[in-house]
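So this first bit is one chain, no partners, the form predicted on its own, shown in structure tokens.
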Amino acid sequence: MLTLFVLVPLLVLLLLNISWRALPRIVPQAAVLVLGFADVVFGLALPTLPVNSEIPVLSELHFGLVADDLTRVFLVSIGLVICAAAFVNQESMTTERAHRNFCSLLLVSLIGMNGAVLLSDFFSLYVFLEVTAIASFILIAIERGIFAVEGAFRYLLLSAVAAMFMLTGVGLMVFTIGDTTFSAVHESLTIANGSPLLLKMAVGIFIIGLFIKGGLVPFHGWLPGAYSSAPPGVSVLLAGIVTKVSGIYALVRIAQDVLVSDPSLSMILLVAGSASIVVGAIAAIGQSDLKRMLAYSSISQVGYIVIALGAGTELGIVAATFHLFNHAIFKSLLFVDSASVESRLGTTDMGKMGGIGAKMPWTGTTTGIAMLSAAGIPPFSGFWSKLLIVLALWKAGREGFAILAVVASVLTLGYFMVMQHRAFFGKPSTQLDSVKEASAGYVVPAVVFALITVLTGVFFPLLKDSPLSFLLLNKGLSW
């Protein structure tokens, strides 16, 4: 059953490319939307199909399949962002060949991300993350612009370094215990006489690779260029879900299924998360390009997820997962709105957008909703996940980091208010007289994401059996 999440997109990809010239433009687009929607639907249904199994590959080497709450959240997130990227691509890709290539690469990304969130061993995780990375590298440079190629090259270079760390970690695991499944590594780390030092090193080296792929400080140099130079649909995909699956999902999974309580590891996560929060927020304040500002904002928001993991508690893992979902939604929304503005003005320079909100009311309104959610303002969904992060840190005795998380939210609100003032508020320039609201391909996903953000925030305390609150219930928590 779970293998269908990989095999069906692969089969569709092969069929689309075998009959490339015979198919109308709408067919690849429809295929991507159907498969993305299937991720959402089956992601919501997976709790009725609990699976956690291991399949032998060699005599002492296995790969595992897992379908749990974390898988469920990510399948829903992947499906939603894939659909949004497909909508934006339909509007922004002008040539037939580029559109078809984008849809094919989007399916490759879907295969990679689905595999990554369904498999529960380090080697398979590495393989599917590399599948996603290769597709992302090509997508960034798909239009062959000089800045896009530069951004893709930086992404490729850092991704290769990350792959080296991850594969080294996998090799050390095989050398140490002869297995790479999460369960086997966890069992070895919790043995009574102390786990092998080499195994701890292996997991640590693997995590360094995830830090690079997730764009955490000080490995964040590739991220702003990749996000800002990529085509609009690719930016939505990268910022919304790719870097979350490639680096941050794996961190959450390892924290939940593999690691044991370790003060030194918790401190590493706390410091890395705090640095990313502060550096990303400060860098975002000084940006004049909307996409680069949103890219640095992503670094800051990812820091919140990592700092929650640093709490070293179940509540911290829940908070990290919930904020990761929220970030996928509101950051995808912000990049969709950025694409909307770029489609009308031909630029993402905020100095040339003054008062655009009056001309593009749907775009301006949904941007404001995403901004308030990112800053943790009630009643939007980001408020709840940031509140859980602060509570997790405070209960874990990390009061200083909890205070930092609150103060940094003020910084987040500050740079988003600057963005709103420069780009959307104020009297429209006479040069914008002919500007109109973006087309439906931009507005529809923006409105859907805005509704998810609002409804999740308003009804989250009441939805006891919702896909977003089941994590709390399953951990025996209440609110």
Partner chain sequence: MTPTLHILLAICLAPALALVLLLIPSRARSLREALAVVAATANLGLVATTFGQQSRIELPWLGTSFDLSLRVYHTASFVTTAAAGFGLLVTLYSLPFMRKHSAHGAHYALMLLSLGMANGAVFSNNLLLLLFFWEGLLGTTYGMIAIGHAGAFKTATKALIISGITDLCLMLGIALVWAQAHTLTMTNLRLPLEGMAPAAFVLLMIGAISKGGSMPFHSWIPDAAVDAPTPFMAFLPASIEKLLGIYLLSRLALDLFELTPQSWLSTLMMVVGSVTILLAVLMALIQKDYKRLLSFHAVSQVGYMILGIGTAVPIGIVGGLFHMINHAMYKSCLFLTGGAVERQAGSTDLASLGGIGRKMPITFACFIVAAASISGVPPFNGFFSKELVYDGALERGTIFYLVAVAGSFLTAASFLKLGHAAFLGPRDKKNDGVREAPGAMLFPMLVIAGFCIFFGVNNAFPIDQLIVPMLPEHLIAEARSAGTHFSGWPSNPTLVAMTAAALLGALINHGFGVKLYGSGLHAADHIHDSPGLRWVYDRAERRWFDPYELFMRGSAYFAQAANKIDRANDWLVVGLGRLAQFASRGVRAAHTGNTSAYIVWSLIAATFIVIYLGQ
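Just so it is clear, the structure is predicted and the values come from calculations on it, not from any experiment. Just so we're on the same page, rigid core means the largest C-alpha set that superposes within 1.5 Å between forms. Positions refer to the first chain, counted from 1.
Only in words, not in the display: the form predicted in complex with its partner chain, which the text now covers.
Establish, in the predicted complex, whether A30, F330 and A440 all lie within 4.5 Å of its partner chain, using non-hydrogen atoms for the distance.
Checking in the predicted complex: none of A30, F330 and A440 is within 4.5 Å of its partner chain.
So its partner chain isn't shown here. In the predicted complex, which residue out of L345, A275, I377, A358 has a non-hydrogen atom within 4.5 Å of it?
Looking at the other structure, the residue within range turns out to be I377.
Which listed residue (L80, I369, I212, A184) meets the criterion of a heavy atom within 4.5 Å of its partner chain in the predicted complex?
By the 4.5 Å heavy-atom cutoff, the listed residue in contact is I212.
Exactly one stretch in 246-254, 231-239, 347-355, 279-287 has heavy atoms within 4.5 Å of its partner chain in the predicted complex; which is it?
Contact-bearing stretch, as computed: 279-287.
Test of understanding: in the predicted complex, would K436 fall inside 4.5 Å of its partner chain by heavy atoms?
It does not: once its partner chain is placed as it appears in the predicted complex, K436 has no heavy atom within 4.5 Å of it.
Can K291 be called a contact residue for its partner chain in the predicted complex at 4.5 Å between heavy atoms?
Outside the cut-off, so no.
I'd like to know whether V410 contacts its partner chain in the predicted complex, with contact meaning heavy atoms within 4.5 angstroms.
The answer is yes: V410 has a heavy atom within 4.5 Å of its partner chain.
Looking in the predicted complex, any heavy atom of L189 within 4.5 Å of its partner chain?
Contact with its partner chain, no.
Go through 198-220 residue by residue and record those having a heavy atom within 4.5 Å of its partner chain in the predicted complex; state none if no residue qualifies.
Contacting residues: K200, M201, G204, I205, I208, F211, I212, P218, F219, H220.
Taking the rigid core as reference, does D262 move its C-alpha 2 Å or further between the shown form and the other one?
Shift of 2 Å or more: yes.
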